[in-house]
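A single chain, nothing else alongside it, follows as structure tokens in the form predicted alone.
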């Protein structure tokens, strides 16, 4: 084995588990992205004028959990348990012989505990606010580490676990933490990614509505419209995408299939506003990820954009991408939120996973519902409405930005098939 392949700082993706509003496996999800199938549907939520639109997942909650365990836990926990188990199975890990104290769980979240708190306040109100009816499960359900902790309980993992509160940059942040813990030799396997249960709290819909940022369309499938001049806001979604990450020599030693290698990452802060993004800081984040990967902008084949279909968000990201990548026509820029809405803490992870199969089929999935591009989003490389066939896909760059001005970028490289890569 060459010295380069023995480098224990190299981290690869060896398993994928996910649930999205338009698919409960990577293959189903990818097929629906290429087919232009949306997962946005009408949805009822307490107190908010009915109906709202949301991205709703339909995975089997009881595939890896008993009903009693699910009742005690949370929706975010059930998403996490499903995705983590799927990722481990997909990775082909001999789980019975894996040292569980050398496994870590690192899950990005936007927020946690709102769903349970809202539900319990609603319940206590029916009993004149008598605290005797307050659930004794409230505290373990609402602590911030809950989703990752539920995974450790389910899979009997005794290594470290934590959730990464990074707003809508959290999916990328989960991958970054997992990679860093592998490089520090804290763990041998990192279960990493992002999850969200956001649609089960009425507060998120009410807040976006009061902000004038909640999307609506008579046709639910057309509601999420990033970069389009007629966009009118965010479609809130739930979901999760979790990967098994391993050091390259360990993955090669066990003959694991490899989806790709994480070669660059960065996080920074705008330090400017609670919600309004800053293009120059986003561009800095992209440049730092490229620098760490030893790449130039010309090396990137696909940029998975963060664009949420809010006016200022789309415009600022467009400026940042234009500043870094210019008008190079061979670059493809796409957007997954147009299909599934904004899955908050899961968004970055789901969006990256939706693009990973491009290493094999050399197709950049489209941005749907882009009928009239906002001239202020001046990006000629956006893949609009139909997938684009690419000459090559060697590097994918994934943008993920969040409130309070947190920015994250992850770059994944195609891994050679002859060395164990999944994609030719």
Partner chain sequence: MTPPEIRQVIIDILERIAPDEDLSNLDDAVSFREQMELDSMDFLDIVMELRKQYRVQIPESDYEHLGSMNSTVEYLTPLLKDA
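Positions refer to the first chain, counted from 1. Just so we're clear, the structure is a prediction, and the values are computed from it rather than from any experiment.
The same protein also exists as the form predicted together with the partner chain; that form is not shown, yet it is the one meant from here on.
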| item | value |
| --- | --- |
| Triplet 270, 277 and 324 all within 4.5 Å of the partner chain in the model of the complex via a heavy atom | no |
| Proximity to the partner chain in the model of the complex (heavy atom, within 4.5 Å), stretch among 230-238, 331-339, 294-302, 68-76 | 68-76 |
| Non-hydrogen atom contact residue 123 with the partner chain in the model of the complex at 4.5 angstroms | yes |
| Contact label in the model of the complex: residue 135 to the partner chain, heavy atom within 4.5 Å | yes |
| 4.5 Å heavy atom contact, residue 216 and the partner chain in the model of the complex | no |
| is_contact(residue 160, the partner chain) in the model of the complex, heavy atom dist at most 4.5 Å | no |
| One residue of 203, 165, 140, 264 in contact with the partner chain, assessed in the model of the complex (non-hydrogen atom, 4.5 angstroms) | 140 |
